[in-house]
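Below are two forms of the same protein chain, given as structure tokens: structure 1, then structure 2.
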Structure 1
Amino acid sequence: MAAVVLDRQSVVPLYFQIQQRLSEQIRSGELKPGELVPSEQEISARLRVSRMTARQALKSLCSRGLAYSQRGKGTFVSRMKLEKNFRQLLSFSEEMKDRGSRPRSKVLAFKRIHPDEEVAEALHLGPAEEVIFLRRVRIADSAPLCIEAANLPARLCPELLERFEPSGSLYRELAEHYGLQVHMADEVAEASVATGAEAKLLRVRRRSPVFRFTRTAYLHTGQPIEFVESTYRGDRCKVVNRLTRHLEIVS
């Protein structure tokens, strides 16, 4: 928080520049867990911004989980260990790259079909609407990790069958060619054991532990864009969550 100056011509908002600088200081260890972050007044004075802007920077820092505020005391660097990608929605490809693995896929099916009722309901489809169906075995570090069956409304991604290379990243394709940004997803996980067919594809013994996931992904408007059912090897993955006690987070 020294005599560094802000770029007031930049398209990057001031509060965001400040938040990024503080994040950097926390990550580098310059600001340690439990320590006081510069106060609103201090930021305001040193960086010559209004107090509301300083405040917005600190709120942004808190909402990212890097700090927390206490009335009358100050804002402190959070003591939580921040796992990377905690609670973040990532595609399989992104997740694997994050871990330093090279993701691969074996495509089992890629076609346009009439969906069953569960899929049609989850995707809010009209009566005769079709979906693009993509079923793949996902491979990480030369061993199968999961079987994944995705359904997308055909209406929202025309010519996906012709255009998309089905072993690649679906989320990237949706974003780059259709402007469809996945914003959030609801996911249900169950504990189960592998069927004979699954065991063969996943190269495990029959009745080995597996996770079964059912995921519906949405655009930020609430439009469902993808319904996925997947089966993960229980010995190769964990589900990591961060739970908060109050949804009533005020601003």
Structure 2
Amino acid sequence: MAAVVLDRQSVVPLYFQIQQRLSEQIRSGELKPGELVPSEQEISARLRVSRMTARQALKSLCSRGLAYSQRGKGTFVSRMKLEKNFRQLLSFSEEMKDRGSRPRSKVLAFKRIHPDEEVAEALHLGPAEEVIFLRRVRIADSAPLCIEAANLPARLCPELLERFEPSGSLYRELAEHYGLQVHMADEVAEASVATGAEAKLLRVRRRSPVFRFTRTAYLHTGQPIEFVESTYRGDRCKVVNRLTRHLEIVS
């Protein structure tokens, strides 16, 4: 922070100037993933700003997904963007653990419902069949990354509502207690913007860029087991794929 110079005559708020300098240090690698960001007290003392200004700068940094806070420990630099790889079929918990992050979930809904036409068609359900509906905010290192709404045929996982802790790993529960192992999935990604409600849950501004993923997962028999709609923060997620070109040799 010693190298940070604030323009106190600028119309740009001091907290935003501090947040921008910290963002630059994170992107340049000067502050590395997992490293402790200067504290509120440190920023206030070194830059001669109020504690409220320092607090606002750190809060803004966290809201952009560049850092996350842990009560009693401080604010830490977040890891790089989550790479959504279409060549791998992983649950959110598996993805986060693979990249060294700590996954958590905030449960918004967990209930048995009659599905809409799109869900019923994707899961090959009859007119009277119900689904288990689980909607969660998925969190990594204290930062919300996505809103995920999963639908599962109720007949395939009876008593799921009673036995499953909805903040845990759904794929693990299906495999261990029902013998249902997800084998493959069709997934579609679309670019969009966050609604007001989504923005509040993801801690971003309304109409911020997001990715919308729609996934239908299948058992090895080809039977659909899950239909999921997810909304990922655009500032924390990127889609990665490997393309190959097969050339024909023309003589």
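Residue indices: 1-based, along structure 1. Just so we're clear, the structure is a prediction, and the values are computed from it rather than from any experiment. By rigid core we mean the largest C-alpha set that fits within 1.5 Å across both forms.
Looking at the condition given, the form predicted alone, one finds it describes the source of structure 2 alone. The two forms, fitted on the rigid core, differ between the two structures by 2 Å or more at the CA of residue 36.
After superposing the rigid core, the Cα of residue 15 is displaced by 2 Å or more between the two structures. For residue 114, a C-alpha deviation below 2 angstroms is recorded between the two structures after rigid-core alignment. CA movement of residue 24 between the two structures equals 39.2 Å, with the two forms superposed on the rigid core.
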